[in-house]
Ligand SMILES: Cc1cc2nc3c(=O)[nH]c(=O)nc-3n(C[C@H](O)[C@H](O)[C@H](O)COP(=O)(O)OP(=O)(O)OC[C@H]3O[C@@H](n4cnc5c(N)ncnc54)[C@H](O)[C@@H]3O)c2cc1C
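Shown below, as structure tokens, is a lone chain in the form predicted on its own; questions about how it binds or moves come after it.
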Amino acid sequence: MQQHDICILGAGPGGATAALHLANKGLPCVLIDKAVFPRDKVCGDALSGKVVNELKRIAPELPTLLGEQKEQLPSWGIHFISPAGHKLSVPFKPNYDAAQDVPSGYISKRIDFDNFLIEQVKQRPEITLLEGIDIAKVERNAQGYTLTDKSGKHQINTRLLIAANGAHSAFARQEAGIKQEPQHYCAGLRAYYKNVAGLDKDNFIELHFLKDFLPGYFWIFPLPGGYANVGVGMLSETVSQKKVNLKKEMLCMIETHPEFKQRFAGAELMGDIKGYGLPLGSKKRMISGDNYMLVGDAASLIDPFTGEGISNAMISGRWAAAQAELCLQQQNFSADFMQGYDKAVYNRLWKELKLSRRMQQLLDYPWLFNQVASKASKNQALAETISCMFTDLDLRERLKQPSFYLKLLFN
């Protein structure tokens, strides 16, 4: 039996970030994962500017260290391709210089990025990392929680549990009551291809919104060594209602869509096509309670429009560490006190998540999406305005206003 004040379940980006911030505060914790790193995780593999900012908050040198890893590519933006084929290019940094500037984003396989964070964890004596420990049972006790692994050899008592164990977290379902709601959940598939033609020279990631696949999207993200992360995502509600076979649709698009057919002609599928679920942050939930907090995918914080989850997991991990410090200072682990964590996370993320939900709903009006993309592809000032909307939330608020679209349509 081990006794700890803070136990973090899950050592992905959210859990590792929480542990590293706790270490920065001089607070010890135990970090548990059922896998042994490096391990793969099905994901889109894109690391946005928000991820770079969160790395900087852990330690100023981390973005530079990441940039030195041979397993990553610097990425300078996103191409949104509308149902009519109009390309809206949104740089992460307006007027960037790829030769001179520090990259605002990266693309790295999760097996490499997650291991990059774990290597930072292993350097911190404040963190006890337990790999290959599959926790089978989490039970309430008088002081907090008792965690027991499948073998029964490991038992840990903790006063505060930070659950960062992903989209399928049994704790989030059973203890926190987080339900999988098809209208707030996305089904995704990911594959790795080699030698896909026509990738962007500045490694822009591509999100294609195809007319016959709405409200889903098809993505192509460049990776080092001539690889690309290729996949599809669609709301689970739509998959169920329309009885969509995602794998069949994805392969059909690659084989028959005029552009993809050409670009994938010399490409080779490397390994299997793998599926995963994305719990979207398109509604507010209770993400804490007596003696616990939920972090990352366990808290359903994935961006509803882009599918990005890594940065939001890291942001929630940072705030979980801040709340944990307060809990220990005041010796208060009650649900009421823990609400400070919920408020902090949603103060930072809710405006952004709500706007992304609006943009997701824009896919119900493909003609409007086409019009926005078409105008922006011909109008540099409009393209720059939309580009700024991705970094400036006050500007992005304009997307909620009908007047924005009326001006756009009739100017």
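The shown structure was predicted, so the numbers you read here are calculated from the model rather than taken from an experiment. In this text, residue numbers run from 1 along the sequence as written.
Here the subject shifts to the form predicted together with the ligand, a form of this protein not shown in this document.
Novice: Does the ligand come within 4.5 Å of any heavy atom of I162 in the predicted complex?
Specialist: So I162 does not count as contacting the ligand.
Novice: Although the partner isn't part of this model, could you tell me whether V42 comes within 4.5 Å of the ligand in the predicted complex, counting any heavy atom of the residue?
Specialist: Output for V42 is yes: heavy atoms within 4.5 Å of the ligand.
Novice: Does L27 reach the ligand in the predicted complex, with heavy atoms at most 4.5 Å apart?
Specialist: Output for L27 is no: heavy atoms all beyond 4.5 Å of the ligand.
Novice: Applying a 4.5 Å heavy atom distance criterion, does K34 contact the ligand in the predicted complex?
Specialist: Although the ligand is absent here, K34 would touch it in the predicted complex, with heavy atoms inside 4.5 Å.
Novice: Quick check for you: of 242-250, 68-76, 84-92, 128-136, which stretch puts a non-hydrogen atom within 4.5 Å of the ligand in the predicted complex?
Specialist: Selected stretch: 128-136.
Novice: Which listed residue (G289, P222, G307, P103) meets the criterion of a heavy atom within 4.5 Å of the ligand in the predicted complex?
Specialist: Comparing distances to the ligand in the predicted complex, the residue within 4.5 Å is G307.
Novice: May I ask you to list the residues of 2-21 that have any heavy atom within 4.5 angstroms of the ligand in the predicted complex, in sequence order?
Specialist: Heavy-atom contacts within 4.5 Å come from L9, G10, A11, G12, P13, G14, G15.
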